[in-house]
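To begin, one chain is listed below as structure tokens, in the form predicted alone.
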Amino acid sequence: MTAFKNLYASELSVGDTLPEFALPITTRLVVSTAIASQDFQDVHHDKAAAQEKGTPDIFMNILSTNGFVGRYLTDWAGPGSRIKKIQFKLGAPNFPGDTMVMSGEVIDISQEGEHTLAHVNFKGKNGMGNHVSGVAVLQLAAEDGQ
């Protein structure tokens, strides 16, 4: 089990890179996350139906991508962090047999009242290009624990 720790403002600088995270895309992952997000579109669980619609295989849905982006960002910032804002766009589909590698960079650090905010560019790239790219604002955990 991974022990998560909070990332504090004093540990952060503009230009810092987030550690890469590689997510193998499997059929089980695509189907189970589509079902978990109650997306029953056939292109997310039925290969023949997906091929009839012009894709080589089933592919990950946007709700799953959003969940994995959130996981990536909050795993980095720690359990005391909170996503305040997120914007992203989708690109190349995530097909089974590929791997999506998440990466990111701190582009700004600001204050909102007593809270420190980390502004981050991120992307998830697979063998075809960027599956997802965007920006997020995370409220970091307070160093005094509040």
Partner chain sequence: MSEATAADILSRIKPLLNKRVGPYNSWNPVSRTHIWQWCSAMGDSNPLYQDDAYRAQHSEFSGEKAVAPPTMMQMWSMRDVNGNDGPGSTTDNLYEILTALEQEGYEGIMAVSYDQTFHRYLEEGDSAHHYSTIVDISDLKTTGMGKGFFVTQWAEFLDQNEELFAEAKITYFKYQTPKQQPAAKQASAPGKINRIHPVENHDHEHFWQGLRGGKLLIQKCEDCGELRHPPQPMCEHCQSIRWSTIESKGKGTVYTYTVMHYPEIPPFDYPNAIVLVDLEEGVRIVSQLIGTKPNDIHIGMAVEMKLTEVQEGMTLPLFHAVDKA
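The structure displayed is predicted, hence computed values, not measured ones. Numbering follows the first chain given and starts at 1.
Although it is not shown, the form predicted together with the partner chain is what the next lines describe.
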Is it the case that residue 42, even though its partner is missing from this view, gets within 4.5 Å of the partner chain in the predicted complex, heavy atoms only? no
Q) So, in the predicted complex, is residue 38 in contact with the partner chain at a 4.5 angstroms heavy atom limit? A) yes
*Evaluate residue 54 for contact with the partner chain in the predicted complex, applying a 4.5 angstroms cut-off between non-hydrogen atoms, and reply yes or no.*
yes
Practice problem: Classify residue 82 as contacting or not contacting the partner chain in the predicted complex by the rule of any non-hydrogen atom within 4.5 angstroms, answering yes or no. | Solution: yes
Residues in 81-101 that come within 4.5 Å of the partner chain in the predicted complex by at least one heavy atom, in order, are 81, 82, 83, 84, 85, 86, 87, 88, 89, 90, 95, 96
